[in-house]
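Coming up is one lone chain in structure tokens, specifically the form predicted alone.
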């Protein structure tokens, strides 16, 4: 393959063992995930990032957001991303942990 990275996709693993495959480019919007995928980190070698404190329900929404963010990057007319109210507090905490809150301006 002629690309400049290891694999085009990575796997995010939740605390309850569910796996979500996302584009590496999308996942690297998170400085935390990007850091995990650098250099000689285990995650960089395996392409798997495990999150012992993030449930599958929340990690699924994170994966959805990362893909959504990449899809609508540089677009003007962006539809809302549906996040159920009951997940909002956890999403804010996880967004902070993953550095995604810093990306919003």
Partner chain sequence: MNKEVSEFEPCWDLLRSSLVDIHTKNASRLSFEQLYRASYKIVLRKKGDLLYERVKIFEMEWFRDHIMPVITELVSNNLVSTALVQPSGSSAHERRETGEKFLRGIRDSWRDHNMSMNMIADVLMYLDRTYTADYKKPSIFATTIGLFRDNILRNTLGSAVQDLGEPFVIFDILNAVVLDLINMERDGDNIDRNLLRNITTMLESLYETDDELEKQKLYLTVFEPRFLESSRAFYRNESERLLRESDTGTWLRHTRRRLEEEHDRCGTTISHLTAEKIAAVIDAELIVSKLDDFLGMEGVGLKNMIDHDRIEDLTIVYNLVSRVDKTKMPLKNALQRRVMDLGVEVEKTLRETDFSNPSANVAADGDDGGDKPKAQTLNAAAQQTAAAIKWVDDVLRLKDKFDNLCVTCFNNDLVLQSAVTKSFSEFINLFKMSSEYVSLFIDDNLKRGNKGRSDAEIEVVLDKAIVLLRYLGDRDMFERYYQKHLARRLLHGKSEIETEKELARRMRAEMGNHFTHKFDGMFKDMEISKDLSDNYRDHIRNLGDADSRRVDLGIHVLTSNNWPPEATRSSQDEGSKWKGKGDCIFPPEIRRLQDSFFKYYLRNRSGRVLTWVPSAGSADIKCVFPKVPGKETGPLSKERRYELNVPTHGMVILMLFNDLPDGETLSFEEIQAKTNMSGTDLVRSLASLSIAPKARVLLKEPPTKNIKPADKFGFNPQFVSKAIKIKAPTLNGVSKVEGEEERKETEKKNDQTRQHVVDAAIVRIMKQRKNLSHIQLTTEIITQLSSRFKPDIGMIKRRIEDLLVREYLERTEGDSTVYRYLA
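Owing to the predicted nature of the structure, the values given are computational and were not obtained by experimental measurement. Positions refer to the first chain, counted from 1.
Just so it is clear, the following notes concern the form predicted together with its partner chain, a form of the same protein that is not shown.
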4.5 angstroms heavy atom contact with its partner chain in the model of the complex for residue 55 = no
Determine whether any heavy atom of residue 93 comes within 4.5 Å of a heavy atom of its partner chain in the model of the complex, and answer yes or no.
-> yes
Answer with yes or no whether residue 32 is in contact with its partner chain in the model of the complex, where contact means some heavy atom within 4.5 Å.
-> yes
Answer yes if any heavy atom of residue 36 is within 4.5 Å of a heavy atom of its partner chain in the model of the complex; otherwise answer no.
-> yes
Could you list the residues in 74-90 that come within 4.5 Å of its partner chain in the model of the complex, counting only heavy atoms and keeping sequence order?
-> none
